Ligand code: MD6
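Just one chain follows, in the form predicted alone, and it is written as structure tokens.
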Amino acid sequence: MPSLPEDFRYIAGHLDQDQQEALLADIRQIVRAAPLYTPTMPKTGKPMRVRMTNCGVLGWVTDKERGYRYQALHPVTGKPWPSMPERLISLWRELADYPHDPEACLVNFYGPEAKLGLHQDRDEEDFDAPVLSVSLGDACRFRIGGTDRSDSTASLRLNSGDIVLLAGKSRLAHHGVDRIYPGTSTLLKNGGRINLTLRRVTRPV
């Protein structure tokens, strides 16, 4: 099996059950204020297979007309994104090894058939900051490769409470979610997976 990219960090079981449930309660409050919606791909307008929302001063969005970008307002409600929970900021300060706090947390919800193709997170100004990703709910098969799309890839099973960081030389690695394993977690009442990705968007002055 191909090896994982250099500087990529996989922290299995970092959040225990109580911590997962507390974080899920935070996410439910966020979704009440900023409902999940289905984004669309640039140019084609094809709906993505995941639903999403954000918290923090900025949120990542995409649509047919304007493509991938960060903005301060929810594209459906037109309201500012909710504040980022202190629990997430504390995780970043504990694990990110970066001197500035995150500005955006993308909340992705995966149903049992949802996938996310290989892609790079490169809409941010500062690639020195890592992308910190938290898994909640059903397990998934996460695939990660290199900075070129044609690079060989490795796969990991991410379970609820696991954390990964794309940092250093792995910051621009291509990655995606090949499949969800339904029924592998009881955290979400109706099943599914929530993925939280914390990002620093702007370059500190």
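Treat the numbers as computed from the prediction; the structure is a model and nothing was measured. In this text, residue numbers run from 1 along the sequence as written.
Another form, the form predicted together with the named molecule, is not on view; read the next lines as being about it.
In the model of the complex, the named molecule sits beyond 4.5 Å of every heavy atom of residue 60.
In the model of the complex, at least one heavy atom of residue 177 sits within 4.5 Å of the named molecule. Proximity of residue 131 to the named molecule in the model of the complex: non-hydrogen atoms within 4.5 Å are present. Heavy atoms of residue 116 reach within 4.5 Å of the named molecule in the model of the complex, making it an interface residue. Every member of the trio 110, 142 and 166 reaches the named molecule in the model of the complex with some non-hydrogen atom inside 4.5 Å. Residues placing heavy atoms within 4.5 Å of the named molecule in the model of the complex fall in a single listed stretch, namely 158-166, out of 64-72, 158-166, 145-153, 34-42.
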